[in-house]
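A single chain, nothing else alongside it, follows as structure tokens in the form predicted on its own.
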Amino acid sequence: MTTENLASRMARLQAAINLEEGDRVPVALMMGATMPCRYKGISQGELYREPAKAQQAVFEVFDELGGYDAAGAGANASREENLLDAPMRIKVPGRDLPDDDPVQWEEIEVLTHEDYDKIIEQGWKDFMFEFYPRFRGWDPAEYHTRIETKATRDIKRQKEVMKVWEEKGIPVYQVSYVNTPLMMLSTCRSFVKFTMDIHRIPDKVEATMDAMIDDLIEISIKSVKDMGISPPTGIPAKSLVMERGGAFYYPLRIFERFEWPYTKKLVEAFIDEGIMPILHFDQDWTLNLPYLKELPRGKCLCQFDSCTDIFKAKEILRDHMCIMGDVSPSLLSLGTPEEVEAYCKKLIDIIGEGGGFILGVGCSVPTNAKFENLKAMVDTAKNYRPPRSA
């Protein structure tokens, strides 16, 4: 593929982010290696044991789909950026599970009530450098060597992946992530215990979040810059994982105190540094949508996972924020190509009207998605033109 193709895809993607109509609606699949490996007969255990083999499966599926408009750069990689990973216990296929089972995240209490005081005193970064060896069961003296080795390996791998996407003429947007303080504490404490905390000790929880936010911002900005993503080959961006702070779980008074102020700080800090915030909304955020109008216009990307009413989101966020979504995992896994095509056309007709839309999946491509359904999704974006553009 040529640089010209890269330029045209980049222009199409940037037009959507800028709330403009390009030559067509862009399509971008948030796709890890789980579906490509399943489709190619590679077990989920092999995915973890042989990451290069898994990444090759991603490239092969991309080619077989005929290509799409943008790709993510990968997960958190740098030494400090690993501190943005919620320290949850993971059951890995081939080690803790049957070899072709999907990975499982265990929601158990790993941060204690007493750890709040340590975070308030030390800040998030210093606390996590102390905490991770305890959590992982490592000798503290070996911790820095272990994490440096992992970071060096991961950064090298990500840059190799980015080079392949560039050669294929595909712009990269950075999809490494940061949890909001609420999401981080909720997963580390467990949802039930954290919910009890915000009702029983709200001032301490708020003080803990205040002690976390500047470190999360500093680490996030450094990690994006370290990856070196920039136009014309990509868009420097950071994904904010937002699952548990919305009205699906909590009343708006909780959201307004424990989620929204910290989200705004992250978003505004990223924008000041030329980094595009990707607001990754899991679960139903419909009632929270009006708050997004407080964020700068045309600077963020909103990803919905099929739980939020994406059509209501268009009504509220029209001409304010680019929307990405929302072909559901159930439709991609259980539907037919005809059903996928019909829904994609509906999204292009309604959400794409006037610009500011990227056709994507609800959250990420599920492991058991049917190849023919992904093909229908990509082909519809490429070939369908709504009546208004005919």
Partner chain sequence: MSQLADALAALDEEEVAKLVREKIDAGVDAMSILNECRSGMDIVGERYKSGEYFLSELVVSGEIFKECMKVIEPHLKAGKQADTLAKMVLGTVKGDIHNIGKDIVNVLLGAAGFEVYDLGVDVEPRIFVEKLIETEAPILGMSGLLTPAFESMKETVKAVEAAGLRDKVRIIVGGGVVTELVGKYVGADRFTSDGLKGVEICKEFAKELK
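Positions refer to the first chain, counted from 1. A quick note: this is a predicted structure, and the numbers were derived from the prediction, not measured.
The form predicted together with the partner chain is left out here; the points below concern that form.
Using heavy atoms and a 4.5 Å limit, would one call A141 a contact residue for the partner chain in the predicted bound form?
Looking in the predicted bound form, residue contacts with the partner chain do not include A141, since no heavy atom lies within 4.5 Å.
Flag P251 as yes or no: does it have a non-hydrogen atom within 4.5 angstroms of any non-hydrogen atom of the partner chain in the predicted bound form?
Yes, contact at 4.5 Å.
With a cut-off of 4.5 Å between heavy atoms, is L331 one of the residues that contacts the partner chain in the predicted bound form?
Heavy-atom contact with the partner chain at 4.5 Å: present for L331.
My question is simply whether R153 lines the interface with the partner chain in the predicted bound form - judged by any non-hydrogen atom within 4.5 Å.
Taking the distances in the predicted bound form, the answer for R153 is no, it never comes within 4.5 Å of the partner chain.
Since the partner isn't included here, can you check whether the partner chain sits close to all of V61, Y68 and K159 in the predicted bound form (heavy atom within 4.5 Å for each)?
No, because V61, Y68 and K159 lack any heavy atom that approaches the partner chain to within 4.5 Å in the predicted bound form.
Among 269-277, 251-259, 295-303, 160-168, which stretch has residues with heavy atoms no more than 4.5 Å from the partner chain in the predicted bound form?
Partner-contacting stretch among the options: 251-259.
So which of V110, I120, I316, L287 reaches within 4.5 angstroms of the partner chain in the predicted bound form, heavy atom to heavy atom?
Partner contact (heavy atom, 4.5 Å) among the options: L287.
Just to confirm, with a 4.5 Å cut-off on non-hydrogen atoms, which of K91, R146, K204, H320 contacts the partner chain in the predicted bound form?
Looking at the other structure, the residue within range turns out to be K91.
Residue by residue through 93-112, tell me which have a non-hydrogen atom within 4.5 angstroms of the partner chain in the predicted bound form.
Those in contact are D101, P102, Q104, W105, E106, E107.
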